[in-house]
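The form predicted alone is given below as one chain in structure tokens.
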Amino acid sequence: MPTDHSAPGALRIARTRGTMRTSDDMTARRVDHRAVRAQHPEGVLRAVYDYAALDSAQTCGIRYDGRALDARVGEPLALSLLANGIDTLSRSVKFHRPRGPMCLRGNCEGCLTRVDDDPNTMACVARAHDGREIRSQNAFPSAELDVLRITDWFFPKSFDHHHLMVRYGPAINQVMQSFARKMAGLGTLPTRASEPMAPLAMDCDVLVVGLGPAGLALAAQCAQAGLKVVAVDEEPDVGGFLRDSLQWHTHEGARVCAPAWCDLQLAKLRALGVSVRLGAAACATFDDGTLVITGERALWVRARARVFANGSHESVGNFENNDLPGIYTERAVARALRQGVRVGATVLLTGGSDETDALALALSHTDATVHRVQPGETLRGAKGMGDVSGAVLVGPKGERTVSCDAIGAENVRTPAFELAGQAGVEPRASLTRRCFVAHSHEAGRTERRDVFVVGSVRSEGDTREPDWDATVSASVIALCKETAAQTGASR
């Protein structure tokens, strides 16, 4: 699946100080995709828009903290709020620092809100439809203007509310404890009890968790070998990191955008008879099964072989004020743009990969001002009080400040090894990557005979190489056939 990094069009990248955010900038984040088509008819962003058919999306009305807002049916609520100039969606538990969406894929806590009376709902996962009610939580009176932020200024180093009032006697201490408990925490209980979720038992030969490039390839190869395959992914679409790529890809000689390529692979899986469950999170695994939670019910999946291809966690990295609203992973910036929302009018991108180049090109096609980190420079910190107003870069020529209203930080990826760890896979520290990885031997084998790990959950290699995927799937297929022969039955 080769990529084409030379999408046509002149790249307009700013190297000088940009403009500050204005009220017009904050309410003009919707991308005019028709104008993009007209001005850049061969641009990859145009192809992504054509594929998504955004000009046919219906508008709807939602409410946020009592305010009526316009949204598009089916888009993530976090994008609806960002498109309306709302960056701060929540507050930190203890110091009430402002928080905004960082990953736009349910991988952080920056967009926890109360949606239709359900607390702690990730606004980047919940979808917009007419009449949805979103309220900020853990803030007074709202997330945008929270008077409890004063805690952060009064206690700049630490805040131990457990012992703050001890010296004044138990009565005052109890009052303080009661106040602190009400002001902290994550939301309040819903007003109605949820219905019990009846589990559905499923038996199969292979369970594949995660449908990025590695999971898609392995599920297809196992199905082609005649195995019964169940494949799950917590996202509503397949493709993982690749789906949010703003690059061209090749499928059977045709030039297609990343979402189109991913959906072609999904269609292939379904044609092969793979049971694909999207929006389904594998949350626990045991010796005799894996628990998968879907929107409708719980699944108890028992498989001869479990393959974990559930990818990586993502963060923006370590720098001063990296929790300010307006700071995103580069993948999140691309995901928002792919769905028709520009995160800022002046955007700093810190990465240096081909994906960063494609993202910079796409942003420039929306008339955004794009700053790039120069060779040898690093991001020391973000500037701003309530949200991003600039960034400080340090390099061989010294320190410079860039004015911007959004930062797309290079994706820092650490393997999501926890689920494989529940299955008995040993996590090992990687000194070169400075994180833990799921330890495996050749062909994705682990110390558990029936458990395999593939893709970025185990390494940062190119998980799309067919020969490598075929080696892993061959081991899985051999195990399933051997187990079936021993038991004399097929799942």
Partner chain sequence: MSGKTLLCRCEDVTLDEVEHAIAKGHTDIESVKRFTGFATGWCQGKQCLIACARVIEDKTGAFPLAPITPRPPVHPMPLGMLAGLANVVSTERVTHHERGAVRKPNVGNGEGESQ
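Positions refer to the first chain, counted from 1. Model, not experiment: these values are computed from the prediction.
Absent from the display: the form predicted together with the partner chain. The rest refers to it.
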Heavy atom within 4.5 Å of the partner chain in the predicted complex - the one residue of Arg255, Arg302, Arg270, Arg400 that qualifies
Arg302
Tell me, out of Ala358, Val276, Leu419, Leu379, which residue has a non-hydrogen atom within 4.5 angstroms of the partner chain in the predicted complex.
Leu419
May I ask whether Thr59, His129 and Asp146 all come within 4.5 angstroms of the partner chain in the predicted complex, judged by heavy atoms?
no
Even though the partner chain is not shown here, does Ala220 get within 4.5 Å of it in the predicted complex, heavy atoms only?
no
Looking in the predicted complex, any heavy atom of Asp152 within 4.5 Å of the partner chain?
yes
Just checking whether Phe436 would be counted as a contact of the partner chain in the predicted complex - the rule being heavy atoms within 4.5 angstroms.
yes
Contact with the partner chain in the predicted complex for His96, defined as at least one heavy atom pair within 4.5 Å: yes or no?
yes
Since the chain is shown here on its own, which stretch among 408-416, 360-368, 247-255, 340-348 would lie within 4.5 Å of the partner chain in the predicted complex, judged by heavy atoms?
408-416
With the partner left out here, which residues of 185-221 have a non-hydrogen atom within 4.5 Å of the partner chain in the predicted complex?
Ser194, Glu195, Pro196, Met197, Ala198, Pro199, Leu200, Ala201
